[in-house]
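A single chain, nothing else alongside it, follows as structure tokens in the form predicted on its own.
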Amino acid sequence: MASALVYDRLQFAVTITFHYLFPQLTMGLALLILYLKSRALWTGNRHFNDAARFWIKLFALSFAFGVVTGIPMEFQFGTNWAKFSRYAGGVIGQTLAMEGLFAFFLESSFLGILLFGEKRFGPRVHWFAALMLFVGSWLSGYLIIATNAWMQHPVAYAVGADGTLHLTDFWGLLLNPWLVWQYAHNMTAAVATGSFVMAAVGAFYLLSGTHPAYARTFLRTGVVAAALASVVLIFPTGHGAGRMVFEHQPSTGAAFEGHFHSERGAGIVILGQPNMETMTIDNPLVIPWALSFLIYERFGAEVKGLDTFPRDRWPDNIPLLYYAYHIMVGLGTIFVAIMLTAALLLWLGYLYRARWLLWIILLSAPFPYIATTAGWMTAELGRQPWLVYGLLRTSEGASPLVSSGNALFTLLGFLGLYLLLGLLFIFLAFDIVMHGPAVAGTRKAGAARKPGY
């Protein structure tokens, strides 16, 4: 049973990690598409409409792959995690069903209008479709994160006579205090992903000397949005999410920071390796008193270490959790440095000619994906060994009839299938980018257009 549990966890980790590569792009692009469509409506400039159409194509591609990869993930609640589904289904079934019935259909319906209805509907209806696409995608994110937030911080439930959980307060579920910061942080990260990708495509076009008007629009929009999102990721959303973890999951917060022993005036470890044998950080680079101040707003405040809590309440894999957290935070800091520098050069009028920075922006496009993956690893590893924090352990939620051989077989199958899907997505996305926004427009590539900036 132990080996089956390992494969069950690996399978869900693989499927959800691969799946989330696509929704984070669509949620981020939804806001940027709405901005471009708004500029087109306000100015009457066809350039912005054609720019939006280009990104709608990439949105649709990512949306389709998100649907394909998301369906197996949800089936695993019944196949690999049947005991968890029976135990908590009376609560999480509410938000998962709402996401499918309301948000998904809202998003997909108005995506169809954006793709095929421009000639039939006027610009105001098309702008409204972009607004509903944004609302649908962000509502979908809210309902999914509400499910995860409840698993991190269960609220509004009661235990039935059969030992299963039942929802007692619908609005309590949707207004979970954990959800507020988690949703804000997650959606800001999605905006960062979409903005980095948009800026990278603009940088690619400028470096290759193609589609210069669209390149400037994409680069300007992406850099400004990414600079704002990168700052907000650190403060207030990242700061708020971190304080929330220390309040409700203090052992998890201590593991994030590699904080093994309680200490007044605790510092933040910037670099170092956790040593589980000596319960120390090897080769530490520490900012003194910083952790106490960030968590409690007092330099001399005591921060509880892992030694305060029973071992069975510690996260399962502290070194992996520690590294995932520090990768997320480290990349977030790099994002601020890159995009604030780009925003400064944009304001000074040098960005479009700064080839060295254009190359950095282009090559940095994959890093928001790494940061969000590390962020979700931080959240999920931090909750372990619990499926529902404080109520149901992970070892108690797996399906008892699924053998290790069956779980391994399907895990290998998913790995092979997702490799093919990943290659197909890269090929199709590359094809759209290489054709460029001029092909997405209603005119030929050589036709004159009014530049956007």
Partner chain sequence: MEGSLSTYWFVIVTLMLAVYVVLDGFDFGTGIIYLFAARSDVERRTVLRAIGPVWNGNEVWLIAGGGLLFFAFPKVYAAGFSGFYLALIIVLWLLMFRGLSIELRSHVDHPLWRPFWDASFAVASLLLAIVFGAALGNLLRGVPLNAEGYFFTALWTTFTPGPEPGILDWYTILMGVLGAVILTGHGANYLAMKTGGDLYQRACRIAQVTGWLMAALSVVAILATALVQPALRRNYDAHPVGYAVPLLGVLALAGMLYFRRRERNVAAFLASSAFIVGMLGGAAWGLFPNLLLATKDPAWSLTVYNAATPGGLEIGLVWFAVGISLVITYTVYVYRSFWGKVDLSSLEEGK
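Residue numbers count along the first chain shown, from 1. Because the structure is predicted, anything quoted here is derived from the model rather than measured.
The form predicted together with its partner chain is left out here; the points below concern that form.
Next on the checklist: Between L387, A40, L31, V402, only one gets a heavy atom within 4.5 angstroms of its partner chain in the predicted complex; which residue is that?
Outcome noted: Result of the distance check: V402.
Item to check | The single option of L115, L131, A213, L294 touching its partner chain in the predicted complex, heavy atom within 4.5 Å | outcome: The option sitting close enough to the partner is L115.
Item to check | Touches its partner chain in the predicted complex: L392 (any heavy atom, 4.5 Å) | outcome: Flag for L392 set to no.
Item to check | Contact of W359 with its partner chain in the predicted complex (heavy atom, 4.5 Å) | outcome: Judged by the heavy-atom cut-off of 4.5 Å, W359 is well away from its partner chain in the predicted complex.
Item to check | Non-hydrogen atom contact G44 with its partner chain in the predicted complex at 4.5 angstroms | outcome: No.
Checklist entry - Does its partner chain get within 4.5 angstroms of any non-hydrogen atom of T278 in the predicted complex? => result Judged by the heavy-atom cut-off of 4.5 Å, T278 is well away from its partner chain in the predicted complex.
Item to check | Options 259-267, 342-350, 98-106, 176-184; stretch whose heavy atom lies within 4.5 Å of its partner chain in the predicted complex | outcome: Stretch with heavy atoms near the partner: 98-106.
Checklist entry - Since the partner is left out here, which residues of 413-430 would have a heavy atom within 4.5 Å of its partner chain in the predicted complex? => result Contacting residues: G413, F414, L417, Y418, L420, L421, L424, F427, L428.
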